[in-house]
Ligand code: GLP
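What follows is one chain in structure tokens, specifically the form predicted on its own.
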């Protein structure tokens, strides 16, 4: 596991965007570069930098296929809190050469959610898997909507959201947890960990415990983020504020080992 510690959110976002851009540019296979993407506040800075590079002609998305992590059940594309809406508003609509047919987001209005999730897994496999899956984590360490105690081998499926998650997300729904959908479609922990590389963004003091559990804790389905310890291509991109609960030796180790690394 790599843990890349940056001074602040802006530098973390720039590092992560540059890493992704470098992977896209260096992709030489005949098939497209397959990129897994999250929603939430953590990736917004990354999206802004990728858009900047794309609009400046420094980076092309013409040969990139994307798969998003999750979507609320019961929200259509036009709902301003759907993740389809979020991704287009914050990212896809601003890219000059992203092909709409290369964008994959779970359909929260699917009449058969199980079939929708199975088809999603099949489509990922049809591209040869995901090259790089970027994600964030919740304060309880959940990846996508894989709440605590979700199997670390889980696949894309229907997830019931915890009360805590609905309370946290209620800030987008008029601060009313009851307005937050109770169910979501989500890739599984196993789906994420099948990617060749997984990059998790962790920023802010409120994520400090989750970062410590991800890096130093036991592998446990209580903290689904801990599954990254078993991944050969796991990267944590974090800011200083998120490092508050790492032991001093761990903090110093990763600063030292990453000192001369560029990307």
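Positions refer to the first chain, counted from 1. Computed from a predicted structure; not experimentally measured.
The same protein also has a form predicted together with the named molecule, omitted here; what follows describes it.
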Query raised in the report: Pick from 181, 136, 157, 108: which residue has any heavy atom within 4.5 angstroms of the named molecule in the model of the complex?
Result: 136
**Report entry** Heavy atom of each of 33, 67 and 129 within 4.5 Å of the named molecule in the model of the complex
**Finding:** no
Report task. Using the partner position in the model of the complex, report whether residue 232 sits within 4.5 Å of the named molecule, counting heavy atoms only. Result -> no
Query raised in the report: Could you tell me if residue 120 has a non-hydrogen atom within 4.5 Å of the named molecule in the model of the complex?
Result: no
Query raised in the report: Does the named molecule get within 4.5 angstroms of any non-hydrogen atom of residue 42 in the model of the complex?
Result: yes
Query raised in the report: Is there a heavy atom of residue 150 lying 4.5 Å or less from a heavy atom of the named molecule in the model of the complex?
Result: no
Requested in this report: Considering the named molecule in the model of the complex, find the one stretch among 112-120, 99-107, 188-196, 67-75 with heavy atoms no farther than 4.5 Å from it.
Outcome: 67-75
Requested in this report: Using the arrangement in the model of the complex, list in sequence order the residues of 142-158 with any heavy atom within 4.5 angstroms of the named molecule.
Outcome: 142, 144, 145
